[in-house]
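Only one chain is included here, represented as structure tokens and corresponding to the form predicted on its own.
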């Protein structure tokens, strides 16, 4: 890797997202850790919450109301998944450290209002790999709200001046009506392609694939930062992405 890479691994890759209770996929977590360990360079990793976050957020109606118990239980759950990911990375030789958004971010009406970036910059400069995750976060208007990894990635990438961004999903990018990968999406084409882009087939309080594309199109439009959505469930693809190979769907600014 050359330059800083921000990589998100979806919750559907590391958990059984169809489960109504937290269920991790240990083999997938171990494989991902080994693939990341095989490529050197500056990296910030973000992972989804999957079955460790979405069912609890829905149970406590955290998208609709402030619930103290819901905040505590949801954060404890996603934190436990984060620990599994960090432990796997560490065992594979990656100098990973956990960063919990609940402790360093503040939202306003569900959007990031402020986030402490100085610690992340110091970690990266010192050779550490920060590992963030989807989390429940305090919100100045609502009390608390869900902060998805899909919102974290473009925010961090823009603030940190990332060179490349990847969203590791469980499909081969954004698919059209014939299940073929759409190679490129831009701000001017996203409305025409929106009919092909669905939400998640499982419990997901953050918008599924459509949510990912909307966040990344905005990133490309406002800041000119391009990104890729690719299939991280295919062994070797994370290594390929980190090495700069072309795959999946590229989201970029209009030329």
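Just so we're clear, the structure is a prediction, and the values are computed from it rather than from any experiment. Numbering follows the first chain given and starts at 1.
If you look for the form predicted together with another copy of the chain, you will not find it shown, but the lines that follow are about it.
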Open item on the list: Can you tell me if residue 68 lies within 4.5 angstroms of another copy of the chain in the predicted bound form, counting non-hydrogen atoms only?
Closed with: yes
TODO: Please check if residue 110 has a heavy atom lying within 4.5 Å of any heavy atom of another copy of the chain in the predicted bound form.
DONE: no
Task: is_contact(residue 102, another copy of the chain) in the predicted bound form, heavy atom dist at most 4.5 Å - done: yes
- [ ] Find out whether any non-hydrogen atom of residue 95 is located within 4.5 angstroms of another copy of the chain in the predicted bound form, and reply yes or no.
- [x] yes
TODO: Assess the spot marked by 83, 118 and 126: is another copy of the chain within 4.5 Å of a heavy atom from every one of these residues in the predicted bound form?
DONE: yes
Task: Stretch in contact, per heavy atom within 4.5 angstroms of another copy of the chain in the predicted bound form, of 146-154, 172-180, 131-139, 159-167 - done: 131-139
Task: Sequence-ordered residues of 71-89 touching another copy of the chain in the predicted bound form, heavy atom within 4.5 Å - done: 71, 72, 75, 76, 79, 83, 86, 87
